[in-house]
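Given next, in structure tokens, is a single chain: the form predicted alone.
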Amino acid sequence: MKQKSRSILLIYTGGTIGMVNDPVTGLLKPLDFDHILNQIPELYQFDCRIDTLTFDPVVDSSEIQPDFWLRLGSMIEEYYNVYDGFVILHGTDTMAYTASALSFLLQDLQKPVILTGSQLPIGTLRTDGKENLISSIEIAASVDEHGQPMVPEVSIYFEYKLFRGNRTTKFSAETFNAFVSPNYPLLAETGVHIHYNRNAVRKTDPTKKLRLITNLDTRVMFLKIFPGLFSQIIGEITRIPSLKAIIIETYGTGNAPTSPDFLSLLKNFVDNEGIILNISQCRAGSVDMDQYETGHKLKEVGVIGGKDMTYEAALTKLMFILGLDISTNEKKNMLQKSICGEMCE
């Protein structure tokens, strides 16, 4: 029997893709992924070995917590030298958060880690799950003319498109085209052939070994700016004793109210070793606090511009950096630099 040339580990964590209808109750229940080949016989045609690993119990996408990201990262580290690539089946609601988190946790990654899922269960007639799964496995197993992985980074595959994981956000709960990457080009697109955008794929250093980060600091909060935002609420938030960082979602290119009370509250938080990261409420475009006076005043009180990061990347990057044993100034400097392609240079 011919030996398979590549090996892929398929990790089922939960989500719609792995659900099937129980013939007795009519309710959706998790599929036994040990029998995935029986559900999708097309997988037999791949010239690669596909092994499966299932979370027990499976985790609903809305229940995802940072300890789940650490557990998933540990799984990949454990099997890193056994498999050529990894495909993770995940619920769509928090998929972009998990992809962003893994991009920071899996430092010096040299192999594909592709997250995918579906809007309809894999056992339904019109499911999008089969194509998403089949193409994810094919991409994870693909190599270039030098035998190196085509996409050695954390990515999301959905509806014929491969996105950089930490540049992706969920856009629609109703359509198969559920994800977008407004500030970064596609890594690949599938059709009759798979077209790779090699210039967009991260360059790796094959001499480096995978390093798993095992500490995340979750003492972070989002603050969305809106007309009529009550100053007392901002005051209560900035005075939370254990809070280490605030992500403020501002207007346009990073603009917010310039009332003295508002700016004073932000300045006091920064002066007490707090970090404030500014990202835009707009999905496309970048924060530039030097463009308008309203943004520049935020910069003057110590707010850091998050450039074109998604809110998923901003959150997980902050958790990653806060967990490092470095000074506050070093953390602020790291925030302003791209670590794994999550923001423009």
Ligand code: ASP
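Start at 1 with the first residue shown and count on from there. Quick caveat: nothing in here was measured; it's all calculated off a predicted structure.
The protein also exists as the form predicted in complex with the named molecule; that form is not presented, and the subsequent description refers to it.
Asks: Within 4.5 Å, heavy atoms only: does D288 come near the named molecule in the model of the complex?
Replies: Answer no; every heavy atom of D288 is more than 4.5 Å from the named molecule in the model of the complex.
Asks: At 4.5 Å between heavy atoms, is T92 in contact with the named molecule in the model of the complex?
Replies: Flag for T92 set to yes.
Asks: Taking any heavy atom pair closer than or equal to 4.5 Å as contact, tell me whether S118 reaches the named molecule in the model of the complex.
Replies: Output for S118 is yes: heavy atoms within 4.5 Å of the named molecule.
Asks: When the contact criterion is heavy atoms within 4.5 Å, does S61 count as touching the named molecule in the model of the complex?
Replies: Close contact exists here: in the model of the complex, S61 approaches the named molecule to within 4.5 Å, heavy atoms only.
Asks: Pick from 288-296, 312-320, 273-281, 53-61: which stretch has non-hydrogen atoms within 4.5 Å of the named molecule in the model of the complex?
Replies: Looking at the other structure, the answer is 53-61.
Asks: Which residues within 326-340 place at least one heavy atom within 4.5 Å of the named molecule in the model of the complex?
Replies: Sequence-ordered list is empty.
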